[in-house]
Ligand code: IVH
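The chain below stands alone, shown as structure tokens; this is the form predicted on its own.
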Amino acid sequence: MTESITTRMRDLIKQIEYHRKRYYLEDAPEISDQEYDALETELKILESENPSLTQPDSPSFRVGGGVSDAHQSVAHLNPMLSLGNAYSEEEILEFVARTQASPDHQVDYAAEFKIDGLSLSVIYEHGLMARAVTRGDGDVGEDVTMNAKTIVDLPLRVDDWHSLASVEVRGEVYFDKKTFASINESRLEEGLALFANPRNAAAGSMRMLDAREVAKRQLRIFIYQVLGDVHAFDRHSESLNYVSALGFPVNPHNKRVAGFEALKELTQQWLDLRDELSYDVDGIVFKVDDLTRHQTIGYTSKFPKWALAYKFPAEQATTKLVDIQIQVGRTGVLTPVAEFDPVLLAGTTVSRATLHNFEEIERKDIRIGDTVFIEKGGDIIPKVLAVVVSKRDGSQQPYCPPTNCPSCGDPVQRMENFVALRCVNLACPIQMERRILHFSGRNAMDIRGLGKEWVQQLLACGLLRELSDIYKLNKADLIQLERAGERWADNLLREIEASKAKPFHKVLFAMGIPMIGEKVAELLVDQFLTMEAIEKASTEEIAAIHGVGPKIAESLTSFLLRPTSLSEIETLKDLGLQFQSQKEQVLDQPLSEKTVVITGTLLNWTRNDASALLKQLGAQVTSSVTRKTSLLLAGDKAGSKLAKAQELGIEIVHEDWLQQWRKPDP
């Protein structure tokens, strides 16, 4: 039995990794998302029922493997040196001159885009990912193995290396532009500091202690080097082709060129190309392609002499700032946005840039009418870098932050110790639209079919004024909307009703409380169990929870002090939403001292549902029968586990025993 389960796990892993490669590396998927999800679901069920058989290269590690107390320092097998930088054609010419074997012999160079991310060393032992270490100081880095396993396009297993004791690959961890912009937008909505650029964000993400949170950030990687007991390559370009064929992501923009003129031409071509990329690059890396010459050319104490990083010029332009507009987010945060005369920046015409917050306007002394430097960094929307003070002629007007919300007109507030101004009117039209979209989103109440167009129509005709109105909609309301049909209305109403079963932590996150993200919502629910307990808790008690802290606690208690917030919570509670943890519903946990094994086929339960209920009752659910087993829950066609339990004298119960704890259907 164990052998057949392991065989099926290996087959599923092989299929999942094949389809991952087709999707992420080759952009040529062969199956639908639904079919792919079914493969992952089957594997997760097998692993939950047989945790001791979970394979070390299971794709389940992609969603994170728990929380670490700290990242241990680890010495690199081979030093991770920096690269010498060049900023001009003259410096490239000098590099070519000192790496040529002779003035009349052109050298081949391998050219690759320089990814703006975090360098990472990944060690494979006998084909399995064993350790991942950040660059650190070049000699010693931080062990971030569990976080590295969440990188979707980094192989967990390489069958071709099964017989090799150790192989090291090095790469650059990065964010694509779309993901980075989405993360910063979420942080802005939650009142958190924005990441300055994708590189800082990637570095911070890889050093997080909770791999489950890292997995949500969808990091990517490009491999740029392979070391160890692999094929004896003559050229660096050959080694990249080799690891690419094994399934490692290698930047598609890599090319072999010879001589200074070719390098010079390539720098201009790729400078023009960089704006079309979906990720940030800040230059080109040139390496002598002939690996046998690396030792001859040599190293300095800091970097190899056979490689050079040519840095692209900064993406900046100047223009006239004509106005500052205000955007209102779902949590009520007011964000100033600069509007300026259209200007060509890094290949695209832009006319807006975020100013992030009002303190930044004051710090940089930005005035309407100023000539300003615009820089395109990691964000999709550029930012105002600085004012050209020498261009002022006295007509420029200092900017005064708003005292009222531009959407609803209510007074705005600045909470103590917070930079942002915020509209606290929960009925604010723009804020309400975004709150509803957040509330119904996939990671919150997951009400499919309630998209932006429908929310706008429902708000416009007065059917939605607050979150609880979602649960008061009926078919007659819905079919009056433009382009609405009966089938859509029926489906949406089913989705709305089904969302009432979402657990408390999902509801708490969905409420859109400033700074209360998914992880914080889970921490609060685990600590307090009920909404009533959270409402009664002091700011100090909330702040004392590991992973919360004083700013989040202050934001939560401020939200709960508003009568409108408490009224909304009570209404949602009356409408059937969950405001207490499932742990609270099993007060005495009668099986808290029991270890239970499930075997055979249950007629009225799935294995996962039965296991979940037993855990709620306090039991520890394991997969193997031992002398420590308290109970064996035996279903139809129970086999060897039943025989072993009988041999050991372990109490055997059946499905009717489990049924006593099942809640009656409403």
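Computed from a predicted model, the values in this text were never measured in an experiment. Residue positions are given as counts along the sequence shown, with the first one as 1.
The same protein also exists as the form predicted together with the named molecule; that form is not shown, yet it is the one meant from here on.
Among 310, 224, 454, 161, the residue placing a heavy atom within 4.5 Å of the named molecule in the predicted bound form is 224. This chain is displayed alone, yet in the predicted bound form one of 112, 290, 433, 370 has a heavy atom within 4.5 Å of the named molecule; that residue is 112.
For the three residues 441, 507 and 578, a heavy atom within 4.5 Å of the named molecule turns up in the predicted bound form in no case. Heavy atoms within 4.5 Å of the named molecule in the predicted bound form are found in one stretch of 554 to 562, 282 to 290, 509 to 517, 383 to 391, which is 282 to 290.
In the predicted bound form, at least one heavy atom of residue 306 sits within 4.5 Å of a heavy atom of the named molecule. At a distance threshold of 4.5 angstroms between non-hydrogen atoms, residue 217 is out of contact with the named molecule in the predicted bound form. Contact annotation for residue 205: none of its heavy atoms lies within 4.5 Å of the named molecule in the predicted bound form.
For the chain shown alone, residue 419 is not a contact residue for the named molecule in the predicted bound form, no non-hydrogen atom being within 4.5 angstroms.
Interface residues of 640 to 658, taken as those with a heavy atom within 4.5 Å of the named molecule in the predicted bound form (partner not displayed), are absent.
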